[in-house]
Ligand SMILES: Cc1cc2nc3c(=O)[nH]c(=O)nc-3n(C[C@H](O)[C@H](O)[C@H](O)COP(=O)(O)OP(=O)(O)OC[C@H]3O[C@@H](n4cnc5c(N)ncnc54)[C@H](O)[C@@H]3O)c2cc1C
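Just the one chain here, laid out as structure tokens, in the form predicted alone.
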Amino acid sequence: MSVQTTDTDILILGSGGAGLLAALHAYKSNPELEITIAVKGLMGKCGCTRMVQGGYNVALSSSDSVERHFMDTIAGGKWLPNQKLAWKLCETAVERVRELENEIGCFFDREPDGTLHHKAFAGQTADRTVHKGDLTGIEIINRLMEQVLARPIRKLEEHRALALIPSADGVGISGVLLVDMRSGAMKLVRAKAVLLATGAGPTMYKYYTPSGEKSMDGLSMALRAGLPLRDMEMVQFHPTGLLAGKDTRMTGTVLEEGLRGAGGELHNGAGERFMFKYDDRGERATRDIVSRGIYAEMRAGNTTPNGGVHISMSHLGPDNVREKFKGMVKRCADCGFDLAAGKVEVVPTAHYLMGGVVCNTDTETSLKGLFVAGEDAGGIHGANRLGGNGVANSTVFGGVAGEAMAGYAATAELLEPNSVVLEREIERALMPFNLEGENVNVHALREELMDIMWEHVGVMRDRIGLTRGLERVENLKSRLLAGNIGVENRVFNLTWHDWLNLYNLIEISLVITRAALARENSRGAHFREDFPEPGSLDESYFTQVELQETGLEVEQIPVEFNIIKPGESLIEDYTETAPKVQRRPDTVGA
């Protein structure tokens, strides 16, 4: 079939915090370059960054430091993060938040003396989360959109990325195959540099928080392009997803970390405050621990009417809660709950994927000309992401990627596409129109996938469940490929896009399950009931999955402790036993 071809210098896939910051930094670095943003939905109206409630981690207060933020990130990630990436995150966040304020125009909440307000988030040893009430993401995205719209940056809205197309020699990236959802036309956008910033979004679970259009598109494309994915077993479940029944999409929506940081309590169905049974920090333990505590109560039958637990804020004063958490109070009221004066049912909800494409500190991947930032990138968070580190990650590395791509594109050339890969990916995208058999019920299969992943590859795992889950997901894929979706009409065919979403979700579900089977210990978000111990910190490894001719291959790669080793600390008071190391990283190179 015919494919429209267009050229650009820089192509950015995604318009969240990473994509928009990348565009702005690329333009600032070299205004002569043509910059194009392609997004599956409408710019500024889709994606996950605008859904961020909690805030932005940055070490600005007198009681905090970059070193302390770094130590919290490494300890929270259970010693699995890429330490150079983690250091760059913590160090550059200070610069980036000032940029967001003074250049982008974001208004964050302040103390009476004019300094930025920092609120407490679980798992951190300092209050460092800068925010705009509980609507931080909307503030950041709205201001970023204003800046992007004021610049001559090309926009391709409602253009779905289908495949990364390598060059004919396979060394670098040639461009990206997209489909214009409005017309159904296939488009090859050739680019000197491409940024993968689609956001991951673990929406293959029964309860999930990300934006509904998120379906692991970027990671699925990267996998098929032969790129290695790391830490894919590490799916973060936010402990407090709104549980409003199965008949509303509001179920799974996050009630953010700040509620527990402010003193919110969790009660089981019997009205008992239970978290201190599982951790001395109670509700302010890290997300993985609180999620497992809630899941244990659910499994024991100590549940509320809809099968979860309650979060209670009323003891903090209803008026105080209404003032501090306006967005969430309203959101709960829309579902019939009174967050300020009553109790709200919650459940662990799939929130964030710590895993992603392997990259260096300049966001470069192993495919020349391809960069990655935001939730598509792996290595920053290790086994567990600290609340508030997500939007910091997106904006920090989005800016880094923009500058790196501008530098690369200034001397790079457009490469001819691999025609075999291009034709194969077009055929794959059109597969649901051409399959034999009866029409497939995509919605029913999606619901089944969500149940499988929640039951077998969820908050708590074991070999029997993971193996069963792997078998069931593979069977689901066979059934998806056993029937078509009817008449070939590509103009805003939502059934077709649902099929493509499900195909990508199934691919990455298999990756997650294979990685989870390979890790026979428990770290952070990955908890194996048959291997409950964390294993030796000194011998920490991360999993890396690649798609090869024989199928998915999982490798275990030792973590490089190139800044700090287990048992050491960069600060005096971090632990009672850890010796202080008198060094700072001299470089955050590749």
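Note that the structure is a prediction, hence the values are computed from the model and not measured. All residue numbers refer to positions in the sequence shown, first residue = 1.
Keep in mind that the form predicted together with the ligand is missing from the display, and what follows is about it.
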item: Contact test, all of 51, 159 and 209, partner the ligand in the predicted bound form, heavy atom 4.5 Å; value: yes
item: Heavy atom within 4.5 Å of the ligand in the predicted bound form - the one residue of 391, 294, 512, 193 that qualifies; value: 391
item: In the predicted bound form, the one of 363, 73, 240, 198 near the ligand [non-hydrogen atom within 4.5 angstroms]; value: 198
item: One stretch from 436-444, 271-279, 306-314, 344-352 that, in the predicted bound form, holds residues within 4.5 Å of the ligand by heavy atom; value: 344-352
item: Contact of residue 85 with the ligand in the predicted bound form (heavy atom, 4.5 Å); value: no
item: Contact flag, residue 121 vs the ligand in the predicted bound form, heavy atom cut 4.5 Å; value: yes
item: Partner proximity in the predicted bound form: residue 100 to the ligand, non-hydrogen atom cutoff 4.5 Å; value: no
item: In the predicted bound form, residue 385 touching the ligand (heavy atom, 4.5 Å); value: yes
item: The ligand in the predicted bound form - contacting residues of 38-59, heavy atom within 4.5 Å; value: 38, 39, 40, 41, 46, 47, 48, 49, 51, 52, 53, 54, 55
